[in-house]
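Here you get one chain, nothing else, as structure tokens; it is the form predicted alone.
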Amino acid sequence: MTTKKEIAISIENLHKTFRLPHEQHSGLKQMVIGALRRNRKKGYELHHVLKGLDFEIEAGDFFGIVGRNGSGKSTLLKTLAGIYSPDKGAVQVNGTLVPFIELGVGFNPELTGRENVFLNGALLGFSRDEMSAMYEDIVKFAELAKFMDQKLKNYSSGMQVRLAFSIAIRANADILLLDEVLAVGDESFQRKCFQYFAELKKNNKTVILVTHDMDAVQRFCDKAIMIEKGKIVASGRSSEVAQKYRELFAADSNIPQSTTKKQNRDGTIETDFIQAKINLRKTSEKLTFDITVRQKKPLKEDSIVALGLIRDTGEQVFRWASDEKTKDVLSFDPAHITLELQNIFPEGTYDILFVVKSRDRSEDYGTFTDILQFEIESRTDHPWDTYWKPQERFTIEPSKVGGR
């Protein structure tokens, strides 16, 4: 019998509206004229941002919120954080909550980075001794050791947010709200963010992540929702919501995308661009994927293949993309790929995510889930922190630059 989880956040019929003024008043005369005009006509229009949202987030969920710019994501997050009050509906938060939204709000630009660390820590409720003990770890995480004695006004906006994020993650809260933290750093900082996310999952923290990075959504989030024009238009497993987001973006981009899709549970898939066949050979020690991809229409010269493993929880525990592993250019007449992975994945039921796209990800020639379902039995010989990092070997034949 499945035990129902506690509810961390409950949203019921949530509405939020803002008044948008028609004109700006720069002086007393304009204000008087504007007031007289408002007797005849309103000087503003109502902008209905959130339109009756209903959803729940269970304790321990890693929950994704996605949507295009202007969809209402940030307004929703600020309402959850208590920055905005709803016009209608209810928001119930069970537990302590730390929002990583307006990071660095308490910073003073005339103080040094070092001084701001202690100032921001005090705002989070830490004593000076506690901050002194954490100081080196904060600076190391933010990668700002050379800049800590400079005034904050000389920092770039990205450096300031990295420092603020590095401080904020020291807070011990039940629920964390993360808004686009992956957009403020280079690859090294993003890798640290991913490690931090993995630690949060390990400790069953409740996390809400707002991001445009669908790979991060699929990798970390158990569940997700997509907002469009203030309404929830997709909800469920993160892999499904991420694909809906990609389809919405592609439809607006007016670029070639696959329009027909056929697939069988035996690993045979087809679109109007490609045909593919995926076989899996599984032992207790390794997983071996044999993949053949043939083009039906000409693909871009630098097109890529990607494969992911998705648990029945919706969590993507592994991702492999050809362009991130080799500089070779695939030849799809046909392309043969063999990918061998060390079997270190947690117990559960898995599906395969398979993608063929242009290298810049703008053109989608085929995206598939639920291709091959398979089981992985209980394993105790691999600790949690090795998940997503299996030893791997692969071959690509033929390629236009040479194989590996």
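Note that residue numbering begins at 1 and tracks the sequence as displayed. Values in this document were obtained by computation on a predicted structure and should not be read as measured data.
FYI, the form predicted together with adenosine-5'-diphosphate isn't displayed, but the following is about it.
Between the options Gly113, Gly267, Gly72, Gly121, the residue in contact with adenosine-5'-diphosphate in the predicted complex by a heavy atom within 4.5 angstroms is Gly72. Between adenosine-5'-diphosphate and the residues Phe126, Trp320, Phe194, Tyr84, the one pair within 4.5 Å by heavy atoms in the predicted complex involves Tyr84. Contact annotation for His336: none of its heavy atoms lies within 4.5 Å of adenosine-5'-diphosphate in the predicted complex. Although the partner is absent from this view, Phe18 contacts adenosine-5'-diphosphate in the predicted complex, with a non-hydrogen atom inside 4.5 angstroms. Within 4.5 Å of some heavy atom of adenosine-5'-diphosphate in the predicted complex lies at least one heavy atom of Val49.
Arg361 falls outside the set of residues with a heavy atom inside 4.5 Å of adenosine-5'-diphosphate in the predicted complex.
Listed stretches are 346 to 354, 64 to 72, 361 to 369, 51 to 59; the contact stretch with adenosine-5'-diphosphate in the predicted complex is 64 to 72, by a heavy atom cutoff of 4.5 Å.
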